[in-house]
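There is one chain below, alone, in structure tokens, taken in the form predicted alone.
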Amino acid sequence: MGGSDSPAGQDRGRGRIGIVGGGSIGVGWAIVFARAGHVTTVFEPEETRRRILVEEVEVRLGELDAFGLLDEAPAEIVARLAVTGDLSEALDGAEHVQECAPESLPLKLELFERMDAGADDTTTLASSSSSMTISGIAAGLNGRSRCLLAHPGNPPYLIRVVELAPAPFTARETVDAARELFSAAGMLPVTVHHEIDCLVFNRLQGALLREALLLVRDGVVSPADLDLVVSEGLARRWSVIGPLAVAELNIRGGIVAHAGFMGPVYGRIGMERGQENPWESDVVQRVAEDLESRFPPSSRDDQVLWRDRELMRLESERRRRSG
């Protein structure tokens, strides 16, 4: 089967990548790295899954190509991909190994032990886990300093943010190398400075989902209308700038003014839900200082115009495609 043996394509000077686990996240990462020019080997223990994995990659690359999101033909990317049932083949000569196994701690402990023993000393070992910390996975390894979480959105070839979450024992060079690798592959690395359950992406997602379910439970809104509020409302402006920047540009005076009149309201809502009020003045001020460096008040009108034009562009494209 094409792509199932040693990759025939050239790596364009990029280091080799190993993927451990051929599920949806493994497929996603294989596309990210092979598209970026890396010879990429996916270890998948299940024979049935191995037989269809390359076909899945081909289908997704075909879709990306149809939307003009590839710089070369899908076949050239697939030629850099190999699938194997032998873990050592995925580890051999790899610059970086990305573990994508199911969310089972015993399984990840076993895999990281084998990865640490079998990979080159200079190989970075990363987990895609969304619910565990790298301390919980790799603390007992001799090579733990080269381990970290690299958690993607799904699918990573379309959602470019990747959360880099080191443990206290992770070497700074490991984080720097991962950041450089993912950036060169077209991703947007974000550093998580302290180990926390579910990282940032899923905590934000979870907070919205919790409130969504409660609003439906309390009869405030139907599930369909709630999804409409998010997809046609919040998600539209968040696709241009994030929620903190939205608060900065939505009102003159920025997030400090926003916190002044909406903070108490949000605080009451939080108390209804049994949550701590997050609108402490020192946190708001720290955020405000960061926002002012990114969105200087002197150019606020230009920034608001840019935001509106981006939303117009998205609406124009939506109408073009739906028409």
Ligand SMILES: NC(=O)c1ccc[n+]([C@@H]2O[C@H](COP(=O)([O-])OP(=O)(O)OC[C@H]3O[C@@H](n4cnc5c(N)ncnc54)[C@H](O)[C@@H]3O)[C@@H](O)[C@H]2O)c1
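Position 1 is the first residue in the sequence shown; the rest follow in order. Just so we're clear, the structure is a prediction, and the values are computed from it rather than from any experiment.
The same protein also exists as the form predicted in complex with this ligand; that form is not shown, yet it is the one meant from here on.
K.L.:
Report yes if all three of Ser88, Phe112 and Thr124 come within 4.5 Å of this ligand in the predicted bound form by some heavy atom, otherwise no.
P.N.:
None of them does, since no heavy atom lies within 4.5 Å of the partner.
K.L.:
Between the options Cys100, Val83, Ile77, Leu148, which residue brings a heavy atom to within 4.5 Å of this ligand in the predicted bound form?
P.N.:
The residue from Cys100, Val83, Ile77, Leu148 that makes the contact is Cys100.
K.L.:
Heavy atom within 4.5 Å of this ligand in the predicted bound form: which of Glu55, Glu272, Glu289, Glu46 fits that? Just give me the one.
P.N.:
Filtering the options by heavy-atom distance leaves Glu46.
K.L.:
Taking 4.5 angstroms as the heavy atom distance cut-off, pick the stretch from 30-38, 65-73, 281-289, 46-54 that is near this ligand in the predicted bound form.
P.N.:
Within 4.5 Å of the partner lies stretch 46-54.
K.L.:
Mark Gly15 yes when one of its heavy atoms lies within 4.5 Å of a heavy atom of this ligand in the predicted bound form, and no otherwise.
P.N.:
So Gly15 does not count as contacting this ligand.
K.L.:
Can you work out whether Ser130 and this ligand are in contact in the predicted bound form, taking contact to mean some heavy atom pair no more than 4.5 Å apart?
P.N.:
Contact check for Ser130: yes, within 4.5 Å of this ligand in the predicted bound form.
K.L.:
Hey, in the predicted bound form, is Pro166 touching this ligand, heavy atoms inside 4.5 Å?
P.N.:
Because no heavy atom of Pro166 falls inside 4.5 Å of this ligand in the predicted bound form, the answer is no.
K.L.:
Do Gly26 and this ligand come within 4.5 Å of each other in the predicted bound form, heavy atoms counted?
P.N.:
Contact with this ligand, yes.
K.L.:
Can you tell me which bits of 137-167 touch this ligand in the predicted bound form, meaning any heavy atom within 4.5 Å?
P.N.:
Read in sequence order, the residues that approach this ligand (within 4.5 Å, in the predicted bound form) are His151, Pro152, Asn154.
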